[in-house]
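To begin, one chain is listed below as structure tokens, in the form predicted on its own.
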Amino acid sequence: MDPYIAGVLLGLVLLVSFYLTGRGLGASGATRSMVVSAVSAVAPGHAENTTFFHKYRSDESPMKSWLVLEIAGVIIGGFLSGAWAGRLKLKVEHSPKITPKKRIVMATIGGLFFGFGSQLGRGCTSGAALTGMATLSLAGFVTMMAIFGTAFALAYFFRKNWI
């Protein structure tokens, strides 16, 4: 999709999210909610005695969280969009210079770092940056600059993985 059109659509989705739920967008909170619920189900003693798990533990099912429903909608929407555009195929996009396996490993490592960083920074790109900027929060602008600044600074070292 054209990035300008996608940006406008994302802004409209953010606006509708504020209107319907009174909250913005976010993904890392859903992941945290599901992890805390899974650990509480498998090892309740550990979840009770660990500060992090105890802090976010809830008696309610994580499936009742609006963030989890949002992520389910993103997954379903992604599949529908891919099917509509005729691009619903199982394949790995990668540079001719690397193997599909290396691409998957690098993407997984990057995703883990970003997920860990989103917990340290108290939000992901959607929550801390986009929603923060939409509410004119200084932290939202700083987060977005940090995300893009870090990506720009490190792109030189990792460019061989996609060029």
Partner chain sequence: MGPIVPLFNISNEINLLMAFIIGLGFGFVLEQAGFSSSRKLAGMFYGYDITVLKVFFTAAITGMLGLIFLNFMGLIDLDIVYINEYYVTSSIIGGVIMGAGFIIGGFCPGTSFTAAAIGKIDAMWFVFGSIVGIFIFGEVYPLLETMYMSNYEGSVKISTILGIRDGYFALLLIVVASLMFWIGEIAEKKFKREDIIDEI
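Everything quoted here is computed from the prediction, not taken from an experiment. Residue numbers count along the first chain shown, from 1.
This protein has a second form, the form predicted together with the partner chain, left out of what is shown; the following refers to that one.
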- Query: Within a 4.5 Å heavy atom cut-off, is residue 44 in contact with the partner chain in the predicted bound form?
  - Reply: no
- At the 4.5 Å heavy atom threshold, is residue 125 in contact with the partner chain in the predicted bound form? yes
- Message: My question is simply whether residue 37 lines the interface with the partner chain in the predicted bound form - judged by any non-hydrogen atom within 4.5 Å.
- Response: no
- Flag residue 108 as yes or no: does it have a non-hydrogen atom within 4.5 angstroms of any non-hydrogen atom of the partner chain in the predicted bound form? yes
